[in-house]
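Before any questions on how it binds or moves, here is one chain, the form predicted on its own, in structure tokens.
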Amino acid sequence: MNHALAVALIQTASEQTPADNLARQIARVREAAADGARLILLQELHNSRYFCQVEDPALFDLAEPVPGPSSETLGALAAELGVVIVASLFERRAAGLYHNTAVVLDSDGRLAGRYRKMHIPDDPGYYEKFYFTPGDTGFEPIDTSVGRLGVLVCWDQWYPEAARLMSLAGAELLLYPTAIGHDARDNAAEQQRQFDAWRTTQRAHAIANGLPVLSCNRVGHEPDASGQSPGIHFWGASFVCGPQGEMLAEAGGDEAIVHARIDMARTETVRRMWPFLRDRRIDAYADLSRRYRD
């Protein structure tokens, strides 16, 4: 590919009802497309507030099938606008079987593919193992009219193996819908360390694989329904970086549409200078398949 791809990230705060949230996403997709974006990335679980702060069986009612109402609505929107949309849904696969799933709607409206989140956290305020079964789609890029998309989700962003496997399978971009923020009980220094680590690790994936990275995070304070914590202040800071980790565009902590133009020929140029794939010692990496070397 030898062109510049116009991309946009939709960074928003979340409302109470799924219908309101989806309507807000649709309005912002229209705005992004009107400003020239051809690939539009939405944040993780954009149809709801981040419900994983508590373990509540009633919240499984938020899930929906894929294909289903949201994917079909967004698919029709993608076809109308001639854009590719990467959305993030709570997927009901069967009774008792649910996934945190990213769906890719191509510019003709079809469901080009889905990625089910592979790495599932279970930390205070992020009780995702209660809700989500680990994905079984593997690390397979999804072919679209704008290129091969290596779609991953949130907690996946901390794992270099996931980015590498997407790269080895021919991904041309890495995309991360995400939901991460500060715990008000942490002091300012700890909050800054966590923020810096989050951004640094994703830029490192860009560098190590010679690929652009798009990371879309939500913003705003969302309360803990149990009252056991002060809730999460999602820090936003969605960004796009190039294949050397160079920042192309970034948001602050408010609602925003982040626009960037990505030179899709630059991966070839960078990988010729830094041929990391050539120099991998695949004969010496067998222990990567072990949990730990005791």
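Residue indices: 1-based, along the sequence shown. Just so we're clear, the structure is a prediction, and the values are computed from it rather than from any experiment.
One more form of this protein should be noted, the form predicted together with a further copy of the same chain, which is absent from this view; the next part is about it.
Residue 92 falls outside the set of residues with a heavy atom inside 4.5 Å of a further copy of the same chain in the predicted complex.
Contact check for residue 134: a non-hydrogen atom falls within 4.5 Å of a further copy of the same chain in the predicted complex. In the predicted complex, a further copy of the same chain stays beyond 4.5 Å of every heavy atom belonging to residue 98. Of the heavy atoms in residue 146, none are within 4.5 Å of a further copy of the same chain in the predicted complex. Checking 106-114, 167-175, 72-80, 219-227 against a further copy of the same chain in the predicted complex, the stretch whose residues place heavy atoms within 4.5 Å of it is 167-175.
Contact check for 19, 24 and 48: none of the three has a heavy atom within 4.5 Å of a further copy of the same chain in the predicted complex. Residues from 257-294 that approach a further copy of the same chain in the predicted complex with a non-hydrogen atom closer than or equal to 4.5 Å are 266, 273, 274, 275, 276, 277, 278, 279, 280, 281, 282, 284, 285, 286, 287, 288, 289, 290, 291, 292, 293, in the order they occur in the chain.
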